[in-house]
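Next comes just one chain, in structure tokens: the form predicted alone.
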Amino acid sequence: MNWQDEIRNAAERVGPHVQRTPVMKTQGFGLDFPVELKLEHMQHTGSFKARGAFNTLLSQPVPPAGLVAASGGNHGAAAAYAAHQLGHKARIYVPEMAGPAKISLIERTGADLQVVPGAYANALEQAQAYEAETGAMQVHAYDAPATVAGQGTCFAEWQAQGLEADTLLIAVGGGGLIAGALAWLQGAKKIVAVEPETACALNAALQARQPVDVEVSGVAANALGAKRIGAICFEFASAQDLASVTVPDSAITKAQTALWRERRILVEPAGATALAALICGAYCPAPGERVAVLICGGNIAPDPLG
């Protein structure tokens, strides 16, 4: 598969349906070097996930049963939004830990929402059972080629906006977003995977040299809480010798607070996780190294405007 061609095709499909999100260069956050930010939390439904959802639905026939998706919240909202915009039925399974803000966001799309006990893995089990029973299309949150190609459009767009950085820091849950980055950039930039210490499926897989199950908890678990890293992401990460760091919850909340206090950027913990690696020193750029951070999600809980 020529991934760059897939991403170019995806960009043509999703272009009329997604936001071209802004980029800003700034200095602050207690750092002595500037940082370039890609504000993907300003995407439809508050995260990059709309890209993969639209690409999936636009690249293949959708059956009469519509689509089904399992999600910690952001993917479910994006899949439901894309289905509504394109006129398809959608059933979305989310775990209770998704929280009221993300559950409410999905409800507002008009999707058939099913809230299940447990974590993302439990929601995925029920979504797969529904798929087998009804023939609905499964829109996977991260481990499907159409999803990865859709997320890759974020980085094609960023390059077109003049991305100058040597190094990109990207938060990782199941790996669809960073797989899209690796697929598009093909080694042209250094990429650093950033995960919470208590939800680090990719870091654990790289250490074990194969995907393994991990326990998931912490402030960003409802967005970055994949129990096992996606196979597509792991293949890219292994082939490109991806750098991987983890950060404590305290660093994530500190970065979240800094984004609001210094730049009035309001994000959920997952959206601040990549910046946290710079603030806490989990990743220390070399002198003169230009760095960029993807701000991936803005669905803060509770909703600050209720």
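Remember, predicted model here, so these are calculated numbers, not experimental data. Start at 1 and count along the sequence shown; that's the residue number.
As for the form predicted in complex with a further copy of the same chain, it is not shown, yet the points below apply to it.
- Against a further copy of the same chain in the model of the complex, the set 71, 113 and 217 makes no contact: no member has a heavy atom within 4.5 Å.
- Note on contacts: among 136, 105, 146, 124, the single residue with a heavy atom within 4.5 Å of a further copy of the same chain in the model of the complex is 105.
- With the partner omitted from this view, the residue of 238, 26, 59, 250 that lies near a further copy of the same chain in the model of the complex is 26 [heavy atom within 4.5 Å].
- Of the stretches 273 to 281, 252 to 260, 61 to 69, 238 to 246, only 252 to 260 has residues with a heavy atom within 4.5 Å of a further copy of the same chain in the model of the complex.
- Although the partner is absent here, residue 15 is not a contact residue: none of its heavy atoms lies within 4.5 angstroms of a further copy of the same chain in the model of the complex.
- Contact check for residue 41: a heavy atom falls within 4.5 Å of a further copy of the same chain in the model of the complex.
- Although the partner is absent here, residue 298 sits close enough that one of its heavy atoms falls within 4.5 Å of a further copy of the same chain in the model of the complex.
- Using a 4.5 Å cutoff between non-hydrogen atoms, residue 9 does not count as a contact of a further copy of the same chain in the model of the complex.
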